[in-house]
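In structure tokens, one chain follows: the form predicted alone.
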Amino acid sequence: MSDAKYEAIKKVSIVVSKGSLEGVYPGLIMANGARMEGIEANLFFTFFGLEAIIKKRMNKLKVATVGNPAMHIPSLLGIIPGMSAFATSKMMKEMDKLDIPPLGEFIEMVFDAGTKLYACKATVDMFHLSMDDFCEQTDSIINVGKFYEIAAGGQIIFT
């Protein structure tokens, strides 16, 4: 390893593209950690990641039990009615033990800490959504070009 000094990260832009609990929470945790360290943080929600900021759906996200090898159960068991609700309940209890807030509260917390939340325009158009569909913490609907402009000079992270 060389003696070169590494420049501290000053900005992160995190892309959230999955609409399950285990797909959304990593981005929120990373944004929260960034803000706690004084790092500028932006969250860009695209495709099914938009579920995290849609008012009517954000507090109904579940753990994906089908096709998720980290569940350590056969996919066939994942389709049993109630399995996703059971896995979600179990995960929420474990997160509660660690003081990780429920999704809506976490969104509010990272926003209040200064994280900017953006919805992907192409996805918003594809799903026939509008700004009225999103929680009040959503800063705006932006296209990919604007996202790159906002992310310029920082790290882009995909969750």
Partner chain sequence: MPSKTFAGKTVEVDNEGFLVNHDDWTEEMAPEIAKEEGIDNLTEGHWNVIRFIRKDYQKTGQIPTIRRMKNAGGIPTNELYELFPQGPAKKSAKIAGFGKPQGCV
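Residue numbers count along the first chain shown, from 1. Owing to the predicted nature of the structure, the values given are computational and were not obtained by experimental measurement.
The form predicted in complex with the partner chain is left out here; the points below concern that form.
At the 4.5 Å threshold, heavy atoms of P102 reach the partner chain in the predicted bound form. At the 4.5 Å threshold, heavy atoms of M109 reach the partner chain in the predicted bound form. Using a 4.5 angstroms limit between non-hydrogen atoms, M36 touches the partner chain in the predicted bound form. In the predicted bound form, the partner chain sits within 4.5 Å of a heavy atom belonging to A113.
Only one segment in the set 90-98, 61-69, 126-134, 46-54 has residues whose heavy atoms sit within 4.5 Å of the partner chain in the predicted bound form; it is 90-98.
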